[in-house]
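One chain comes next, on its own, written out as structure tokens in the form predicted alone.
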């Protein structure tokens, strides 16, 4: 995982030692409740990243000018979520202990829990910024405590009250939405409260998790649980820019499911977003 790969995400071809950001894939969708396929996101992004330029006209920056290492995909067992999370946590902890920033490509959203577990070990006062269509605050889903539908509740178990800031939420059960009002900060439907959150979190260690179904289905149909009424690509890009000014210690993007968009447009969007994220977060 720490040696150079032949098949890199475009522009992420520096060595592990010299790189500040380490990209890796967590190909797991074993608890997906609707349409699977997110396990293929990492490999699809690597293959399709060659359709975009390394240069960003949004930022006048180029991936060729920064040091990012693509570690490839972790080898994860399909049927054991506890084991999957343990392996992710171990790898992310290695990256953090080497004073680097992990950027994980899911996989379904449950994989974020493994990375958050590692981040909490290094940053006791960790805060989480969460972009998503779904609140993911159920205590269990069909009797299972480890699920993509419970991931933020499990993260809350680690960080506690009002350390999770959610944006773009437009779906959830009555009970979990009601519970969330007492325990997390939630901005429904959009990013309108992001400026206030960013002011609050200045100087704090922040984990950023982006479930790509925060995007509207008209621009991003390739996801396992699509929800109409989402944000645009440019709105998401602007939100990432604001958050990148904070102390981002780790981050992820999840829930791209390439087989669900045969046009390839969703994967291309994810590639472009990844380029912009890397250039914004790199310091």
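Numbering follows the first chain given and starts at 1. Everything numeric here is computed off the predicted structure, so don't read it as measured data.
Another form, the form predicted in complex with another copy of the chain, is not on view; read the next lines as being about it.
Contact between residue 71 and another copy of the chain in the predicted bound form is found at the 4.5 Å heavy atom cutoff. When contacts are judged by a 4.5 Å heavy atom cut-off, residue 79 counts as touching another copy of the chain in the predicted bound form.
Contact annotation for residue 283: none of its heavy atoms lies within 4.5 Å of another copy of the chain in the predicted bound form. In the predicted bound form, another copy of the chain sits within 4.5 Å of a heavy atom belonging to residue 138. Listed residues 199, 75, 182, 99 were compared with another copy of the chain in the predicted bound form; 75 is the one with a heavy atom within 4.5 Å. Stretch 142-150 is the answer when you ask which of 158-166, 142-150, 204-212, 112-120 has residues with heavy atoms within 4.5 Å of another copy of the chain in the predicted bound form. Counting a residue when any of its non-hydrogen atoms is within 4.5 Å of another copy of the chain in the predicted bound form, the hits in 254-277 run 260, 261, 262, 263, 264, 265, 268, 269, 272.
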